[in-house]
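A single chain comes next, written as structure tokens; it is the form predicted on its own.
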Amino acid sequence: MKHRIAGTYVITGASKGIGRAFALALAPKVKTLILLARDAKALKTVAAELVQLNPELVVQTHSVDLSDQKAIKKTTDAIRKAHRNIDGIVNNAGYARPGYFHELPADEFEKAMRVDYLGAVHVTRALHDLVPQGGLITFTSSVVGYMGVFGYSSYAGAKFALIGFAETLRQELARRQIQVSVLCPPDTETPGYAIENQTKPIETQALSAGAKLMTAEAVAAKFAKGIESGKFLINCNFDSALIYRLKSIWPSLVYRIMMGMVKKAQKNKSG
């Protein structure tokens, strides 16, 4: 199934980073964008940018904490009251807090699941029946959603869960001919990534050092292209696609390469 981008879309995590960039990419093609994020002021700024791109675009904003199920229900009820159909639901909200597994607070694992996984589940459950035949439901996971990475224990669990949820949803919604896609971006230059760098263990820094940092705009462009090509899992560059293939057919090799980098970083740290 291939989805043609047009109509009305809900985008979560739309105030910055990939969510903002994707909203900007959609603005010339769609009629209405419904933006969700915590920061009401930032949402207004994005809304103004979108209308500059397309003066005929209708932009609606909702300030909501996607870790709060009651707040999600209040927001999605308001969306349902205002709209009979939604052509696409773009579940993009998320965050990561790198750190050594044993040093992360216990509630960090619960928070990661609420924000990165359950927020998307609750938004989708509340609105999926408004998506018509040929519509779209997407999720933003990560390369860390199909490959565990040193320092990302809380994040990986939530992002792995998201891909599993999307795979299941893809099967259940096939009879309604709804396209389900998952974006798996690599390291991307966003405000969230800058925050991640503040707590990354030395081993995680070493693993990231050789990776090519993408811009949010480049990721958004790959996302849109992948959606319109009918892809389920959307990688954003050659390196990510290669890692995905290698992880699928030769996981032991990927593990050995990564552990070689980890051990080298640990040796340098202790030396």
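For every residue, the number given is its place in the sequence shown, counted from 1. Since we're looking at a predicted model, the values are computed, not measured.
Not on display, but discussed next: the form predicted in complex with a small molecule.
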| item | value |
| --- | --- |
| The single option of V115, I86, V123, V180 touching the small molecule in the predicted bound form, heavy atom within 4.5 Å | V115 |
| Contact assignment for the small molecule in the predicted bound form, among L50, I243, V64, I234, heavy atom within 4.5 Å | V64 |
| Proximity to the small molecule in the predicted bound form (heavy atom, within 4.5 Å), stretch among 73-81, 98-106, 135-143, 167-175 | 135-143 |
| 4.5 Å heavy atom contact, F160 and the small molecule in the predicted bound form | no |
| Contact label in the predicted bound form: R38 to the small molecule, heavy atom within 4.5 Å | yes |
| Residue contact check: K247 to the small molecule in the predicted bound form, 4.5 Å heavy atom | no |
| Partner contact for G94 in the predicted bound form: the small molecule, 4.5 angstroms, heavy atom | yes |
